[in-house]
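Listed next as structure tokens: two forms of one protein chain, kept apart as structure 1 and structure 2.
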Structure 1
């Protein structure tokens, strides 16, 4: 199949979160299966033109009531033959930030910027004389191509092109004033038909959900959760309506980068047959974080964005958060790597000063994130909701037992510990409350001190799981085939 990925970000070129990792990794996995996969995305300011190859000639794009001339650059995903095409338009993309910057977290011209990407997708195919079997768009910023395909473009060379739309995080929807709708290039007749209307505003994600031939999310449980009001962010009704076209596919893991047997960023490599070497990473982590070196005390690691989605209020809230009580009452050490909301950063600094067994690094450090995965005994993810989650899978691969809330991809990847039999791969809490976090961490610590044979068995069991992208790629292949088949029956 010929598959065109449309995205606002992809590693290593532009990234704000897991979307970027998923798009690049899935593209590579599909290419390894023999598919002709290509990626199109904007060329942001920080993507250096000098490291790209320019396609000859400008490309005219016609979004809304205007004609825009763009450039097109290309490169390969590093170490692969997968081409990436960059739409170059200085006025739209020649700035810091993908969706916004700290002082302006959501650029007010985002509807214009990403409408340009949508229209440029089809012009690029014409320029290349390459027409995909499937257009696979990711999140709201790339939703317009699936909408344009349904209402404007499904003719000629695109007559047999199907569309798939992946919801990576339904909390981000691209909602803007409807006075900006003309920039989409669609007639007002399509404002309601395509699903843009959202309480007298326009919603890109909603229109993508309604217009795409098939829908996916990044884990099976999340696909079920977003059909309910608690997790659906007002989209639960239309997702229930389209449930027959919705599939949850668990994201994979880049096992070349995240592999304790060959990870250059950890103190000592190891695998399930040499787990004793994990102790060297624990010692290195304790020294790095300024904690007492003690192999007998369990370390609870956390690598997270400090946002409400990740359960940080229940964990670190200054009034009722559980972290302070955990570190005072339970014999363990806790290490945190993260950045985000200022109140939480300040609270972590306070905990640093108040607790001798707590250490936090404010910011992000790739090497430290790997060392936390390798050196910790447990990894805590008390997320409010989690479309997929990657760190719990990294943890399992590194023999570090996850402590997670039962939601989204966390529920799909972590099997709760059975203290009678020793079965399971981690510790699961049902409800997100400070007391529930406290109790579950305490349960894990109890197992550490009293059921060490169970801990070792769970570690090896987790390290034996397969989270490679080849499994996910097969599932996406099936969705693509269903999307193409649905066109034949119309």
Structure 2
């Protein structure tokens, strides 16, 4: 099958979160199954042109009422034969930031920027004379090609092309004033027919949900949750309407990058038979974070975008957040790596000053994220909602017991500890409140001090789980086939 992934992020080129990991790893897994998979994305300013190959000639794209001349660059996903095409347009992408920058978190010309990506997708195929069986678009920024395919482009060489739209996070929808709608290049009829209209504004995600042949999201539990008002961010109604076309497929883990047995970013490699070597990582982490080196206190690690989705208000909220109380009352150390909302970064700084057993590093640091997974005893992820979540899976693989809220992909990957039998792979909290986080971390620490045999057995159980992408790639393959079949029967 010829599959074109359209995305605003893909590792190692551009990343704000798990979307970037998921797109590249899925592409690779599908390529290993023998598919011809390619990726198209913008060439942001940070992606160094000198490391890419330029395709000859400019490419004319016609979104809306203008004609835009773009360049196209290409490279392979490192270590693979998967081609990535980068749409180059200085005015749209020649700046810092993917969706925005601190202080302007959502560029006001994002509708233009990502409409350009949508139109360029089709022009690129024409330029390459390569026409995909399936266009697989990810999240709101890549929704437009799905909409264009349905309403404008499904003819000629695209007559048999099907679309699949994956929702990685329904909290981000691309909602803008309708005065920007003409940049999509669609007629006003489609403002209603394609479902762009959202309380008189335009909503890319909504139009993508309505227009795609098949829909997926990144865990089975999240697929159910988003059909309810609590998790649907106002999209629950149309998702219930389209529930027959919606599948939840759990993300896998890129086990070349995330593997404690060969991870070059940690202090000492280990596997389930040499778990004792994890101690060297704990010591390295304590030193790196400026905490007392002590093998006899458990470390609770956190790596996260500092945003409400991740439960950071309940953890770090001034006056009511539980982290302060956890560090005062429970004998443990807490390490945090994160960047995001300013109020939260400030709170972390004041906790750094107030607590000797707490250490936060504010920023983005790939190496430290690996060392936290390897050196911590527990990994805390009390998300308000979590479409899939990658860090809890990394934690399981690294023998670091996850403490998670029972939601989305967290519910699908972590089995709660049973203190009678010792069964389970982590600690699960039901409701997101400061008190329940406090109680569950306390419970985990209690087990660490008093039931070490259970802890060790749980670690090994987690390390034995298989999160390889091959199972998920097969599930996507089935969705692609269904999407193609739905075109035949139309």
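As the structure is a prediction and not an experimental result, all values here were calculated from the model. Rigid core: the largest C-alpha set superposing within 1.5 Å between the two forms. Positions refer to the first chain, counted from 1.
Here the chain taken from the form predicted on its own appears as structure 1, while structure 2 comes from elsewhere. With a cut-off of 2 Å and the rigid core superposed, residue 159 has a Cα displacement that falls short of the cut-off between the two structures. Taking the rigid core as fixed, one finds a CA shift for residue 296 of 2 Å or more between the two structures.
In a rigid-core overlay of the protein, residue 255 has its C-alpha displaced by under 2 Å between the two structures.
Core-based alignment between the two structures gives a C-alpha movement of 2.3 Å at residue 339.
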